[in-house]
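So this first bit is one chain, no partners, the form predicted on its own, shown in structure tokens.
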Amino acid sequence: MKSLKFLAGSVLFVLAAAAHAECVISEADGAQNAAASSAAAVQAPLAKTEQVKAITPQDWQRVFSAMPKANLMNGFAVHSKQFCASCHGKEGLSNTPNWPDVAGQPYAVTVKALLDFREGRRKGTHAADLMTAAAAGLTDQQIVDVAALYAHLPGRGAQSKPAAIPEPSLVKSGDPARYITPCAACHGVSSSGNSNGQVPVIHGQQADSIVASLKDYRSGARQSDMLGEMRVFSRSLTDAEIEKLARWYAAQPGRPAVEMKLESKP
């Protein structure tokens, strides 16, 4: 097995959460979207979509450090009043495979995802454009509050045992010939994810959401990765490899609940 350190040192931040975000839409519209076929989670790029260039690591650090302090309890109000549950579930766990789970995601991951949507850095598919519209009216305070809530909540199947299915070699070995870093080098080897708190937890995530993210990176419909690393890693993946990775990660326990102060800046 190749070392997990293969190419890991070149990656500062990765994968800004695959639509790890909120839906500010009517409850009726949200329910209709959530009930749609799971195939809708994987969208072809929209024609002539203009995206704002991905934020740089330097600018991200500046923006992130300037965000207001988060209030965990207010996160519940944001989740409820902005109709996030209509797509992402009452506990941050989606009721359908159409939408990603947001519970169990690190604080910084959700903050970046929502800022990317709000600032137009996540366009190119119907789902991403919906989230861009949903995040347009969110304030910085609302973003940090709901991000703190999602970081506090447990991911899907957090108390479950991993399913007994073969682990794809790309998880821990990658493929040097295709410039593919092992997934675990950035996303961690367990449901706790990367200790830097900057990378999405994909253990326990909805399989269709992972498929959609990888295919969007591969096609260029998603360009929010700060160093372009996910576009490099995914461009040579086959559909079969993407499906195998997605199904394996979805079968793993999600991130456990994280105790946080009621008013904090994680």
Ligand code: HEC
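Residue indices: 1-based, along the sequence shown. Values in this document were obtained by computation on a predicted structure and should not be read as measured data.
Not on display, but discussed next: the form predicted in complex with the ligand.
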query: Touches the ligand in the model of the complex: Leu153 (any heavy atom, 4.5 Å); finding: no
query: 4.5 Å heavy atom contact, Gly92 and the ligand in the model of the complex; finding: no
query: is_contact(Ser191, the ligand) in the model of the complex, heavy atom dist at most 4.5 Å; finding: no
query: Heavy atom of Leu72 within 4.5 Å of the ligand in the model of the complex; finding: no
query: Complete contact of Val146, Leu214 and Arg222 with the ligand in the model of the complex (any heavy atom, 4.5 Å); finding: yes
query: Interface residues of 228-250 toward the ligand, as seen in the model of the complex [heavy atoms, 4.5 Å]; finding: Glu229, Met230, Phe233, Leu245, Tyr249
